[in-house]
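Same protein, same chain, two forms; see structure 1 and structure 2 below, as structure tokens.
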Structure 1
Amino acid sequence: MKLTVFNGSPRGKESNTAILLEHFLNGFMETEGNSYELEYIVNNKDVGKLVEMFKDVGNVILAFPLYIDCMPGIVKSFIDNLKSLCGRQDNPTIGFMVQGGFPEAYHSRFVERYLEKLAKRLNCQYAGCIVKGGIEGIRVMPQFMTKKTFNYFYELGKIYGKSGKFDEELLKRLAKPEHLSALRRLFFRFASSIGMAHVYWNKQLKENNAFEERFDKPYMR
């Protein structure tokens, strides 16, 4: 199987998306004869080239982080540029991978519904959507905490490499928790009330000189 993978994270090669894709693709390559091309949307000033890549292959995976319950702007722009391919015969089979920072998979179910609809509009066969929350910390987590998740991605890639589909049972197991338990919700409420839940993101805002602007509303007069 020939596959083209688009990594839609604005962090490009340094992204969590890249880490998860690496495990998925290791599994995918277990099947003899499989090959893939991996493209980073963020590095591409020429969207026309990305559209050509999409057009010319049998199988596509579009992977991106959940941003504000949806997708990064570069992914939206890429999708907008696929408009000319809507309804075309011979469009590729398409699968998606959405991962987010908040732990609940439910958070990504709305964009998942949109993605299935997008596949239909493009006249692409839909291979499914991998959804996983709680991913932001994976770069700093010890190996024992990430092993299970990485293994799921590897197994999903392996089955996809053989069948061209995501395994439904694995998708369900990987996505857990779909919703937080009452106890974890209580913990988050407590962590928010004492400011603990904001420590990590505030650090990111400061590193990007955006902390003072965090409550800005640029579209409001």
Structure 2
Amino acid sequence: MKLTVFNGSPRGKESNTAILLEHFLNGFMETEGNSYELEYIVNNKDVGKLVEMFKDVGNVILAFPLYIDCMPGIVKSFIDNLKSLCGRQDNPTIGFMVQGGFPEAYHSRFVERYLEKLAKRLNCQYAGCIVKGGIEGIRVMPQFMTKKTFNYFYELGKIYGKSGKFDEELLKRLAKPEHLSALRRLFFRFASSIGMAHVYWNKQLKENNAFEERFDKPYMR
């Protein structure tokens, strides 16, 4: 199987999306004869080239992070430029991968519905959608915290490499929790009240020189 993968994260090669794709593709390559091409949307200003790549392959995976319950602007721009291919008979089989910082898979279900409809509008065979929350910070997590998730992505890639579809049972396991339990919600409220829940995000804000502006409201008059 020949596969083209589009990484739609604005972080490109340094993204959490790239880390998860690495494990998925390692599994995919377990099947003899499989090959793939990986394209970073953020590094490619020629959208026409991306559309041609999409048009000329048999299998596509579009992977991106959840941004405000939807997708990054670069991904939406790419999708908008696929309009000319709607209804085309030779469009590829397409699957999606959506990862986010929210621990609950529920946050990604709305964009998942959109992506399934998108596949139908493009007249693409739908391979499924991988949904995984709680990924922000995975780059700094110890191995014992990431091993299970990475193994799931590897197994998904391995099965996809043989069947061309995502395994439904693995998708369900990987997506958990769909909703936070009452105990985890209680813990999160406590962590927020003492500031513990904000440590990672405050660090990110400081590294990007945005900490002092974190309460700004630029759209309010």
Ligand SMILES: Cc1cc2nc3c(=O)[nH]c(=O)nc-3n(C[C@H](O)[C@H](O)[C@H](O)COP(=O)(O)O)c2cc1C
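In this text the structure is predicted, and so the values were computed from the model without any measurement. Quick note, the numbers are simply positions in structure 1, starting from 1. Here, rigid core means the biggest group of C-alpha atoms that superpose within 1.5 Å across both forms.
- In this comparison the chain labelled structure 1 is the form predicted in complex with the ligand, and the other chain is not.
- After superposition on the rigid core, the Cα atom of Lys206 is displaced by 2 Å or more between structure 1 and structure 2.
- Taking the core as the reference frame, the CA atom of Phe215 shifts 4.7 angstrom between structure 1 and structure 2.
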